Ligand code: GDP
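In structure tokens, one chain follows: the form predicted alone.
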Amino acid sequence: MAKKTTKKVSQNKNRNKKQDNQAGEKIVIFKENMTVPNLAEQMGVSNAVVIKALMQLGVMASINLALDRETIELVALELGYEVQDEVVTDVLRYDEFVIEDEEKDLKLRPAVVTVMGHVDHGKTTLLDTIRKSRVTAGEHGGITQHIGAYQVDRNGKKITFIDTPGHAAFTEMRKRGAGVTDIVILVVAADDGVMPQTLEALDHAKAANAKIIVAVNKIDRPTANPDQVMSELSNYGLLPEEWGGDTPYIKISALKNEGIDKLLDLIDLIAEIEEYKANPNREARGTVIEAKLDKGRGVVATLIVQSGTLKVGDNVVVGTTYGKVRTMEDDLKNRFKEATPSQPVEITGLNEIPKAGDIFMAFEDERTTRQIAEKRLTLEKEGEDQAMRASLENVFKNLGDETKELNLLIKADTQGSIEALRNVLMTIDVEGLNIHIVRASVGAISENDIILASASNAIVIGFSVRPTGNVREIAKQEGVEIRLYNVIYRVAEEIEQALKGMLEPTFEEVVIGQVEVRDIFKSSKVGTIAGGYVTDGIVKRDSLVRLIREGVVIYEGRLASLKRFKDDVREVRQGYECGLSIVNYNDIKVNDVIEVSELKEVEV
């Protein structure tokens, strides 16, 4: 199947070449990331000629500046050239193929709907209600940590839903969600209104050229004000249909299942009007929504098929990895032998964990897929090395010797989490300081990670993963710091604060001594005074204490006084007697044990 496709695209290129010759070769082929030298070479002129043309257009461009299509068109027009898009024929760039199917081959497919919105505005509850199952339990910080994709069957028609995270730290995930979607449901709480994350979601929806439905949620709240939401969003181009605009607004209560049927009816109506279509009878192609490493099943990837039909046994290239589809199932663990356009499936059989957002494509045999994946990986590494050399040169050239670099090693539960972490960490901007990620991979923190972090002088960031006791011990020996998180935005907050020297000190409680109560004295001024014997460690004045009776903690507080005989003292060591009292607590008895501790600052 893939060879036929390539042949078809090659014919298009040959046809373009013929047109170029007929036009006297006055054509510029537009490619992504074209620079001044690239453009000059195509037009057969010097770099200076192109730069002069740019200056006349008011664009101050350096030699290595990537030019957008609009700018290239203006320069080409100025110099008498026509711009045409590049026709990709290299199978290594399969993810850039643009293949036009004949109308007779296209079949109707389900609409792909992405749900977006600000955190806590009810996005996940809406999806809960639609799916008739609960998925919010276990999420940290009330934020959906991972992208999920699934289908619902309604009146014989299917709708595919993509759930994207709601916090600003997940912008990159949200982009991926909008990249494969037809309809965006923008969830806005009627009692909270438009928030910054709402506007971010709106930007991504517009960029994806998707139809937007605004779901005004929480209308059951006493403070709900749907008109205010409509008024605010009207300022951003979402004028309600009932006010003469073209944006549908549906008032809902996801928690009480109000307005959900109207919302689904509207999705069905839009799908019917737009007639979303794809060709199911060719090689499968689509996008990775999520990927992770499962202890029992190996690499597990959630895909959405966008065209063609994916079958069990198909050989696929996914980004820079490959494999043969071994199993295929939906989010309810129902098994499938094939998946058609707009269908999300979870597959096994890939050799490595792909990146969320990678394009996959099926090819005829395993040898082809392996060769394509290996070559793409080589090219990617070469590109990364060049980018790294360029960035380091810029750093040393522009920032001088005062520049410092923070090295991070990231381990996370899924590839989607890694991409979100990368995105949010790269937004941190502290003058004179750079963040460098030495490794980012899925899985538990291992001994090898600690060794690499030690050699790289890096901090280990663990997201929803934990090190074993042995790994912790090695980290302690190597002097490697491990920071563990469950909410992505906290990573950014703490790293940025640390970079700026604003991180508040972290304290941990350390037990320093133990006192056995051997006698009790009553004082009208002080209350109960315990006569004790220091059996272990040391007791310090103003220490934190736990009163333990028969192995059970009875009270936690602080020492009010510490004496040796009649004298106040700062501390009493093991093997000595002392008198002590506890702040605002008098129920002390003979044979009680008082555990003494203090707060020590944890070094960062």
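Position 1 is the first residue in the sequence shown; the rest follow in order. Remember, it's a predicted structure, so these values are computed and weren't measured experimentally.
What follows is about the form predicted together with this ligand, which we do not show.
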query: Site test, 110, 268 and 273 vs this ligand in the predicted complex, non-hydrogen atom cutoff 4.5 Å; finding: no
query: Candidate from 287, 198, 369, 253 lying within 4.5 Å of this ligand in the predicted complex - any heavy atom; finding: 253
query: Position in contact with this ligand when the complex is considered in the predicted complex, options 240, 467, 319, 122, heavy atoms within 4.5 Å; finding: 122
query: Candidate stretches 274-282, 444-452, 217-225, 305-313, one within 4.5 Å of this ligand in the predicted complex by heavy atom; finding: 217-225
query: Contact label in the predicted complex: residue 118 to this ligand, heavy atom within 4.5 Å; finding: yes
query: Residues in 316-345 close to this ligand in the predicted complex, defined by a heavy atom within 4.5 Å, in order; finding: none
